[in-house]
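Just the one chain here, laid out as structure tokens, in the form predicted on its own.
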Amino acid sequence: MAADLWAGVELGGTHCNCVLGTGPHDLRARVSLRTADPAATLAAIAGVLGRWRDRFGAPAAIGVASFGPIDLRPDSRGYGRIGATPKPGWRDVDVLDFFAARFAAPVRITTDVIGAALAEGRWGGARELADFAYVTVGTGVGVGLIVGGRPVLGCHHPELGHVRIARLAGDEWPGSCPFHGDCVEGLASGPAIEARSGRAAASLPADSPVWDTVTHALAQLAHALVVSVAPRRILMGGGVLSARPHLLGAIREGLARSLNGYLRIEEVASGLDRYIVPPGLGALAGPLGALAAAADDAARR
């Protein structure tokens, strides 16, 4: 057994990332796969982990950070199963059982965005904080909340990407979310941007008015976070914002307008450029999130 190594699987809506190592400065192997149907995707991932096991030995733990919603309650009969995802074919897939049945190492499962938050808290831009939020904007919009050093989990994990918001004045586009229309995800995710503009987010001109609606929606999400769980920092990443980092400035300005001088807390008053920030781990936040889930499991044992 490779007792000093963890394996991680970031199961994303578009791509899956498999990593092996102990942290951002010690990645022994990394493979990226395209997410397809469940049978093909999970079989390909199992093949990668199997080859690593043969080469490096069995890892101390396997972390799986999956797109959701996913049942994370250990006392539930649906523990480890994907819920009402819009991704065709994936609803009710038992991700946890798939890996637990094939590998002897203990398996820890969480959402992709909670995993990224765990990684940022362990190695990245929130190392010194017990209370923070990680927001990803890509295929969907998700929020990983860490309060008191632990992920928030009640009857389900938070799904703040689906919160309803005050719309930008004059904007009546119905949104693209198949469940809620104009929730944050239905207005600001990559698919929402493409549905609205007819162009992928990466190719949309910087002066397109669509960006105004995107940054407004994300500023409204930040407002909801500030007045509810009051994180000490909000990290915003994901494919859309990684390609357009200047959007963070507009999101900060939108949050300041929305708060309108209310809640004069030090974290906000000292400068929003230090409050809403990109992830410290950059594009590695997601893949390392699965590794952090494995590390968290190992630490509990």
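Being a predicted model, the structure only gives us computed values, none of them experimental. C-alpha atoms forming the largest set that superposes within 1.5 Å between two forms make up the rigid core. So that there is no doubt, residue numbering starts at 1 and follows the sequence shown.
FYI, the form predicted in complex with adenosine-5'-diphosphate (ADP) isn't displayed, but the following is about it.
Participant: Where, among 232-240, 43-51, 57-65, 24-32, do residues come within 4.5 Å of adenosine-5'-diphosphate (ADP) in the predicted complex by heavy atom distance?
Facilitator: Single hit among the candidates: 232-240.
Participant: Would you mind picking the one in 212, 171, 194, 94 that has a heavy atom within 4.5 Å of adenosine-5'-diphosphate (ADP) in the predicted complex?
Facilitator: Checked against the cut-off, the match is 194.
Participant: Go through 124, 158, 175, 138 and name the one with a heavy atom inside 4.5 Å of adenosine-5'-diphosphate (ADP) in the predicted complex.
Facilitator: Here the answer is residue option 138.
Participant: Is adenosine-5'-diphosphate (ADP) in the predicted complex close enough to 190, 202 and 244 that every residue in that trio has a heavy atom within 4.5 angstroms of it?
Facilitator: Yes, the whole candidate spot contacts adenosine-5'-diphosphate (ADP).
Participant: Is residue 122 one of the residues whose Cα moves 2 Å or more between this form and the one not shown, with the core superposed?
Facilitator: No: residue 122 shifts by under 2 Å between this form and the one not shown.
Participant: Given a core-based superposition, decide whether the C-alpha of residue 87 shifts by 2 Å or more between this form and the one not shown.
Facilitator: Result for residue 87: yes, a 2 Å-plus shift.
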